[in-house]
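Before any questions on binding or motion, here is one chain by itself as structure tokens, the form predicted on its own.
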Amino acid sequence: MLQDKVIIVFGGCGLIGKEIVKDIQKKHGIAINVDINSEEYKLDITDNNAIKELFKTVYEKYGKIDGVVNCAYPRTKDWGNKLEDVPFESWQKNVDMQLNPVITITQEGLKYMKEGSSFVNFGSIYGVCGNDFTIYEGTGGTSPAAYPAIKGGIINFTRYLASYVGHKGIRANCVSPGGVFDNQNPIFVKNYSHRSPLKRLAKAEEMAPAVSFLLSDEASYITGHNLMVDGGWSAI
């Protein structure tokens, strides 16, 4: 249960983010949906000043911040180009949009978060495992080169953060999804499902309970952990 916990969800309008918001609310928490498309808290994740103001606003309204979820996923229009075709400027911009806001969010969160609060960041199977490019055969697509670099960085930064703030009773964990169904190319869906031990992609709503668990007091002795919600992908 997340009874009355105030939890900021960055990327709360996204495929996974909206399910996280719903699950927090279902478990009686207060979900603050922060997203560039949010009607409640509209925010550009790359705007450091907006992030600072957001934390201040939430704290002034609720008097506490019990959790922060980082699942925003902004990216450039050429996201998914082959490695040879990725301009350096594009690589740099994606790192700046996806990885760098995590430090500002962390720094601002630590100004308000106290013992018993927690961070949940989003990694990926490709922040842990090498890419299996056979799942893209016949689709004309590929896995973005910056993606594993960004997700691997987030996962290890989360371990750093857990070590850094553990003495304050603040926890930091990661959730690393496998492939999530989002009306992808049917060939990709078939290829991915064949490779997966559970023979399918995940549903977006299957990610949310893992996040809620890590935010809850039931996970009070779990920190620095990367929870793989991947249907067994990383086990084989």
Ligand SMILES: NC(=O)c1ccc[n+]([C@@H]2O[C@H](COP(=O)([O-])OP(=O)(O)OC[C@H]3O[C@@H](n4cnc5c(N)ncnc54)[C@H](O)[C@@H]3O)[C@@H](O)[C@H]2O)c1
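In case it trips you up, residue 1 is the first one in the sequence shown, and so on. Just so it is clear, the structure is predicted and the values come from calculations on it, not from any experiment.
Missing here is the form predicted together with the named molecule; even so, the following discussion is about that form.
Heavy atoms within 4.5 Å of the named molecule in the predicted bound form are found in one stretch of 136 to 144, 158 to 166, 85 to 93, 115 to 123, which is 115 to 123.
Contact annotation for residue 180: at least one heavy atom lies within 4.5 Å of the named molecule in the predicted bound form. Using a 4.5 angstroms threshold between heavy atoms, residue 45 counts as touching the named molecule in the predicted bound form.
Among heavy atoms of residue 66, none comes within 4.5 Å of the named molecule in the predicted bound form.
Residue 57 falls outside the set of residues with a heavy atom inside 4.5 Å of the named molecule in the predicted bound form. Although the named molecule is not shown here, in the predicted bound form the stretch 62 to 94 places heavy atoms of 71, 72, 73, 74, 75 within 4.5 Å of it, in sequence order.
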